[in-house]
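Listed next as structure tokens is one chain, alone, in the form predicted alone.
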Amino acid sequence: MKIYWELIKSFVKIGAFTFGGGYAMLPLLQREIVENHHWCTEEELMDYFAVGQCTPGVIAVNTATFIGYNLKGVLGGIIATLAIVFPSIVIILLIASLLQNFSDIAIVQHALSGIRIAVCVLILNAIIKLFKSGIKDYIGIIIFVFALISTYLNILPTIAIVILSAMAGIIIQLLKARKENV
């Protein structure tokens, strides 16, 4: 029963303090899930996040569901999902009731601009950490550049980039294994 309360506390905290969407939650996820609780490794978190990004729905919710499911099965997935969305529901209801009345005030507009900048910094920090732990050789750099260019120029849908990158990783590992056996 203790693990369920830990899931609730952790994902409510992540949900309450994540502003700016799924990418902005990466530093909090890493600290809470990997460093504090050791529920998964950084590599596993990257895998959950990648799958969460290319499946339908919100990245944060999908990632929480995967982590909860990995820990405690279906019930863990349901609890983690509900815990991560609960703060957002409460916050959105409060903001929606107040923002309409105050959205024209300059200080509110400036505060929102500042929040957007802080979210960009959080996303950049997450990218740097993921890059350091995810790119291990020159093949990884090639896949990274391909994915970056494809995403930036909107050449391929995200799911196609993920699938092609996965296929490249599989083929490269198979070729390495074949080369070692020869």
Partner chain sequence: MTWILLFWEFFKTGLFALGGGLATIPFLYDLIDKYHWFTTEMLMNMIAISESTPGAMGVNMATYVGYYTTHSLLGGVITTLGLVLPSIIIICIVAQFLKKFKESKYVQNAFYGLRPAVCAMIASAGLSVFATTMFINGDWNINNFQYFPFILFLIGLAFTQRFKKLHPIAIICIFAICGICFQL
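Think of the rigid core as the biggest set of C-alphas that the two forms share within 1.5 Å after superposition. These numbers come from a predicted model, not from an experiment. Residue numbers count along the first chain shown, from 1.
In what follows, reference is made to the form predicted in complex with the partner chain, a form of this protein that is not presented.
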Does residue 34 reach the partner chain in the predicted bound form, with heavy atoms at most 4.5 Å apart?
no
Given that the partner is absent here, does residue 123 sit within 4.5 Å of the partner chain in the predicted bound form, heavy atoms only?
yes
Contact of residue 39 with the partner chain in the predicted bound form (heavy atom, 4.5 Å)
no
Residue 155 versus the partner chain, in the predicted bound form: is there a non-hydrogen atom within 4.5 Å?
no
Could you pull out the residues of 113 to 144 that have any heavy atom within 4.5 Å of the partner chain in the predicted bound form?
113, 114, 115, 116, 117, 118, 119, 120, 121, 122, 123, 124, 125, 127, 130, 131, 134, 135, 137, 139, 140, 143, 144
Any chance the CA of residue 34 moves 2 angstroms or more between the shown form and the other one, core superposed?
no
After superposing the rigid core, is the C-alpha displacement of residue 125 2 Å or more between the shown form and the other one?
yes
If we fit on the core, is the Cα of residue 46 displaced 2 Å or more between the shown form and the other one?
no
